[in-house]
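Below you'll find only one chain, the form predicted on its own, shown as structure tokens.
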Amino acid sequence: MSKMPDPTLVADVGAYAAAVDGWCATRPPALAAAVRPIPDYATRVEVMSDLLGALFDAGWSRYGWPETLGGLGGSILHRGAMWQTLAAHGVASMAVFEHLEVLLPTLAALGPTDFVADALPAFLSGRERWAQGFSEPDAGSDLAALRTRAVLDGDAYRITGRKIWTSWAKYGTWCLVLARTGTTESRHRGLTAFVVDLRHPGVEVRAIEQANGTDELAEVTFDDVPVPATRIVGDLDGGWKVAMHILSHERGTYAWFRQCFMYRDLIGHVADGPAVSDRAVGDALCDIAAVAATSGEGLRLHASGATLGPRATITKLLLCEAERSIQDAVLAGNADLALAPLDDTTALLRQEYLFSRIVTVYGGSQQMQLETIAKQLLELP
């Protein structure tokens, strides 16, 4: 934490990207380990944690975050450049650290400063990991209907309820939980965001194995779990604002980081894999270009201090289309992918293909995205 920011790298994103590229070119052991195909998700998480530790020690992952929170200054443009460079050097994905660009911007903007100042370096260095507890068995797309309740008890709240499809809870240290502090009738006006320690007694995490064989999701039960009032993110009953801030990143700027790896995967498959039709590759490249354009604009908007708001839904829909068209191109060039021997590379290809079939559901269903565009952007009745 004693490393000082380089004013040139803070002011010049291009110079920063070149410096990260130079570091990657030296092939640090943690980077070399992360470019291997790793189908086992638990191993992938550990390898990526080591890489984050190396990036933190070198200072690279601290650029793009405020100095007051343990960063080295700069903006989201620095973070976009770092992950783009890592993808270009062969890193396969962000894995569990996707939440660095889904949850952490909101924590930095709306979280309790003292807590975030401790939590941010631990997250950036890979020592701790975060989960997101929004959806419930009876409140998926209709988030305002959630029932997990937080009741004030002295200087703490006691949280009771159940979350489903909780991303990376099996591997998480902390979970950003949306709970009801108002009446059921208050809907989205009675929700509050809390930081919950997943290691605390009363928290039970049950991993969910997906169709692609990974266990990124989980069901989490909270049984009268105490959470200090100082761990509220945003305001009491202001959880909806927190959720919308998160979704601006999850549906918007995150697409920039994701498309870096998707582009690398497509180009690598075309170059080294079986022949793929020009039409399939062309469709996939056009879809990625659309994602890069809209998400890149989102990065610049957030760097200026603004947010995407409902416009993030457009980027989310484009990302879904790109995910599917890329994997369709991969399958078109390797029609027996489902039957091929399970070496590590093939196993990863299968995981990615199967994941691409669910992208219109996670982070808000495609139908909900279209409804948001219709009502909030086009102002249709």
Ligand SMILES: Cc1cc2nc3c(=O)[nH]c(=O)nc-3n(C[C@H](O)[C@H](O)[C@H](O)COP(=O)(O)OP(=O)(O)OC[C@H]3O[C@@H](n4cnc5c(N)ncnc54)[C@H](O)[C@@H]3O)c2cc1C
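A quick note: this is a predicted structure, and the numbers were derived from the prediction, not measured. Residue numbers here begin at 1 and follow the sequence given.
Omitted here: the form predicted in complex with the ligand. The next part is about that form.
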Problem - Met368: touches the ligand in the predicted complex, heavy atom cutoff 4.5 angstroms - result: yes
Exercise for the section: Find out whether any non-hydrogen atom of Trp23 is located within 4.5 angstroms of the ligand in the predicted complex, and reply yes or no. Expected result: no
Practice task
Answer yes if any heavy atom of Phe134 is within 4.5 Å of a heavy atom of the ligand in the predicted complex; otherwise answer no.
Solution key: yes
Practice task
Consider Ala15 of the chain shown here, and say whether it contacts the ligand in the predicted complex, taking contact as heavy atoms within 4.5 Å.
Solution key: no
Handout entry: Stretch in contact, per heavy atom within 4.5 angstroms of the ligand in the predicted complex, of 188-196, 165-173, 253-261, 114-122
Key = 165-173
Fill in the blank from the handout: The one residue among Thr181, Ser75, Gln84, Gln210 placing a heavy atom within 4.5 Å of the ligand in the predicted complex is Gln210
Exercise for the section: Please pick, from Val203, Val281, Leu301, Leu217, the one residue with any non-hydrogen atom lying within 4.5 angstroms of the ligand in the predicted complex. Expected result: Leu217
Practice task
For the heavy atom contacts within 4.5 Å of the ligand in the predicted complex, list the residues of 344-381 involved, in sequence order.
Solution key: Phe355, Ile358, Val361, Tyr362, Gly363, Gly364, Ser365, Gln367, Met368
